[in-house]
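One chain comes next, on its own, written out as structure tokens in the form predicted alone.
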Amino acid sequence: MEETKWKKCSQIHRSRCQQISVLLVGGAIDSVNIQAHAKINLHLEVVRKRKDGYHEIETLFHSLTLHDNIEIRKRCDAGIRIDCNNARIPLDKRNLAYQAADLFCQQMLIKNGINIKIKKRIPIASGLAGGSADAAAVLQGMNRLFEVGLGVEDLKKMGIKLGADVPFCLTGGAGIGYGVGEVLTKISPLDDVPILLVNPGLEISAASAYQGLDLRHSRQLRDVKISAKYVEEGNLRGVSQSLYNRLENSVFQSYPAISILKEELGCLPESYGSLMSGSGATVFAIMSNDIEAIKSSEVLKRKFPICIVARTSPFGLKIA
């Protein structure tokens, strides 16, 4: 009688364990899809060059609807594998997304292998933080995929080891960046404003743009808070009148075609103003409406290889 009772209890126990096992396996996440959004700089002032070789800046970031798609999937074996629809994107340790995955695995002691699939839409080396956005997406995606539970501040500490724009890409929307751009103050973003992006087919590294700066002479610094105030008010004319990028001084000397492009975009019908984003070579125009933005884009496509109509976005990452 006791043996029969013991067998029955044992069967119930095994059954419950199997149920729990099924629930755990069924609830586990095997893959995650994330939209990694581009950014523009509505203001970029270079304050000084630091002893460590980096430049201290004051900048005003804003996210755009233009985005890459990142899919991260667990593998049974070890290692990091990247696939991309753009043949010019490196698939090894030169890729920021790879570096982000490698850093996350090291710091969180992750042993699983992963596949990262990148559907690239953000132009390469264009001043729109495409690589940084992809890296931010990988950090956030792996945090979710492996259910680590890190907060945004922890992810930002990882992100700054990869690139100055990664911390903002993790938070997105609109924000003032200090230091090398990693010390962030969030502000209310612009509401769904059309942005026309044009790239003349040039790729400019941030390092080369900063190397061309001459900061030896005393100068009055442009206050980023003025631009930020206009953004929070939704005052597009104020935002456009305060557009500023110190790196234009350097880039325009080496690439005068970008200066001409900026003037052209500033003169478009229904354009509030234009500016080079980040270290270039993309120039953007703040447009008053979608119709004029699309019309202008169609005309400019005859001359320039990359013309994109996007909108301001309230976030930098979106889990699909």
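Just count from 1 along the sequence shown to find any residue number. Values in this document were obtained by computation on a predicted structure and should not be read as measured data.
Form predicted together with a small molecule: not shown, discussed below.
- Using a 4.5 angstroms threshold between heavy atoms, Ile118 counts as touching the small molecule in the predicted complex.
- With a 4.5 Å cutoff on heavy atoms, Leu128 counts as touching the small molecule in the predicted complex.
- Looking at Arg75, you'd find every heavy atom of it more than 4.5 angstroms from the small molecule in the predicted complex.
- Taking the partner from elsewhere, Arg94 is found to have a heavy atom lying within 4.5 Å of the small molecule in the predicted complex.
- Just one listed stretch, out of 183 to 191, 118 to 126, 232 to 240, 143 to 151, contacts the small molecule in the predicted complex at the 4.5 Å heavy atom level, and that stretch is 118 to 126.
- No residue of the trio Glu58, Leu213 and Arg246 has any heavy atom within 4.5 Å of the small molecule in the predicted complex.
- Only one of the listed residues (Ile160, Ile89, Leu202, Ile226) places a non-hydrogen atom within 4.5 angstroms of the small molecule in the predicted complex, and that residue is Ile89.
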